[in-house]
Every structure is written in structure tokens, then in C-alpha cells.
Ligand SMILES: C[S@@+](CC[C@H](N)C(=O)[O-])C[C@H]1O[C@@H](n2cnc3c(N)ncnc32)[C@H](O)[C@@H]1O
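In the form predicted alone, a lone chain appears below as C-alpha cells.
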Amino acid sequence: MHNPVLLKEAVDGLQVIKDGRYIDATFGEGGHTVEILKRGGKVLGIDLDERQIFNEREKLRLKLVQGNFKDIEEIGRKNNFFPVDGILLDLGLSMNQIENSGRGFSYHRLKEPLDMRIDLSQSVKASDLVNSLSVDELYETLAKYSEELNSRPVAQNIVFVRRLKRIETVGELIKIIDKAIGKSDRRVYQRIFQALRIVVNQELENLKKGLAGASMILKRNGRLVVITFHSLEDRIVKNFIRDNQLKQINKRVVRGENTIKFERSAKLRIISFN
């Protein structure tokens, strides 16, 4: 089981109490949940990826639900698991999803299909977006969700290439990006892939709904711990804190270790519902 980003800091932020109720709303490989259980808490785990739930269900004796954390209030009430003492949202993909899902989440996996769906019941894949959106729609999508300065030439080259052949794999998209910007640049790959994944999985809309739902089932003085991985997510969390006049416990945002590639962009906020 892979240790998740900022494991100790996140669980410390929940201030786990014996027999307290906690929702790990982005269960992944269960790293956070295991630590909460060790500290005496009771856990309801939620994950959108059915394979994640299947892989871990037999390893841990707790309630695991396949679902979207945007529906956290409904899931908590349906499972008679509310009000809760704490909720954890880790918005990163698990290492298992990145390395073994075969869905094109990593720009290193050149032969994988451009899928990027976390929930395979969804109909729209990343390949559908790159092969159907107009050049202006592609540009607006990439610019908005990747904040990449080269979004216009990348969008233009996608449309040029797909006139001859449908774009289906990670490697084909990487070649298109390289041609558009005149070089190989992993930072550009990361941002473009981020944009497509966000749109395919409606990640920002889900985050807004999940934060609102969490506020409905947390106890007074309960805690919400959120780990974000890019500025678009973090901005939504900051606005949620401000708009609802909530208290951020950690005065300074906790960041992932700069020496660890996967953690580098992680930011942790601990929110108290007074």
C-alpha cells in the first residue's frame, strides 16, 4: 500500500478521537484510512473508481462505498454515518491509478488510450474531447484548466492532425504537443493532461459540491482536511473558507516535500466548522 502525500499531517489535522466518525472521501489505496483506524477512529471510505474499492475491500474491515465525493452528504445519510467528526479530501490520483489503470493518466505511458475517466461508467473520454471540440473550444478548455501559455498552438495542432487520423493514444498527443511548441517539455505535458482530466471527470464542479455537502454532515467543531494539487483546486477551497466564514487551523499552508516529485505541488488546509 502506497503512503499517500502528507499522510501524517493530514491525519493529525483531523484530531482523531476514539470511536469518532470519519469519512475518507477519496479512499484511493486506503493509506489515510489505515492511519485513522490505528488511532481509534471509525471510517466510511468513498471512492469513485470501482476498481479501487474492489482491490481494497477485502483488506480492511470497514464500510467502503463506490461513489462520487460530490454526493458525500447523501452517501453519509444513506449509510447512517452522520454527523461526523472529520472528513478528508485528498484530490490527487493514487499511484495505482496512475501506474496500472491503463487509462492514460500519465504522459509517460505512451501506448495507453486517451481515456482519463476515473469512473468508467462515464461516457466522455479524453479522446472524445480532442477529436470533437472546435479549435476555439479546445483553446478555451486548455487555457482555463491548464493555464498553459501554449494552449492556442497546441489546440491548433490537435485540430490539424485529427483531420488525417483520429487521436487515440497518449503518445499521439505527446507528439502533437511537441510539434506545437517546438520541443519536449514535461511541464507542458503535465498541464495539458491536467486540463483534459479535469474536464473529463468534472473535478472542479465536484469539489464545490463536495465541500458544500461536507458542511452539512460535519459536527460542530468538526474538521475538514483538504489536500489540493494545483491552483484551481486550491482557489476553490480558499473561496469556500472565505465565503462561509470558516476558520483555517493551520495558519500557513502545509506543502509537500520539494524533494519528492509526486508531493511537490501538494497543499494541505485544515478547516474547522465552529
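Residue indices: 1-based, along the sequence shown. None of the values given here were measured: they were computed from a predicted structure.
Note that the form predicted in complex with the named molecule isn't included here; everything after this is about it.
The partner is not drawn, yet in the predicted complex one stretch among 157-165, 68-76, 132-140, 178-186 has residues with heavy atoms inside 4.5 Å of the named molecule: 68-76. Only one of S151, S127, S101, S94 lies close to the named molecule in the predicted complex, with a heavy atom inside 4.5 Å, and it is S94.
Not displayed here, the named molecule is kept clear of D115 by more than 4.5 Å at the level of heavy atoms in the predicted complex. For A25, a non-hydrogen atom is located within 4.5 Å of the named molecule in the predicted complex, even though that partner is not displayed. The closest non-hydrogen atom of G30 lies within 4.5 Å of the named molecule in the predicted complex. Not displayed here, the named molecule is approached by L48 to within 4.5 Å at the level of heavy atoms in the predicted complex. Contact annotation for 233-251: no residue has a non-hydrogen atom within 4.5 angstroms of the named molecule in the predicted complex.
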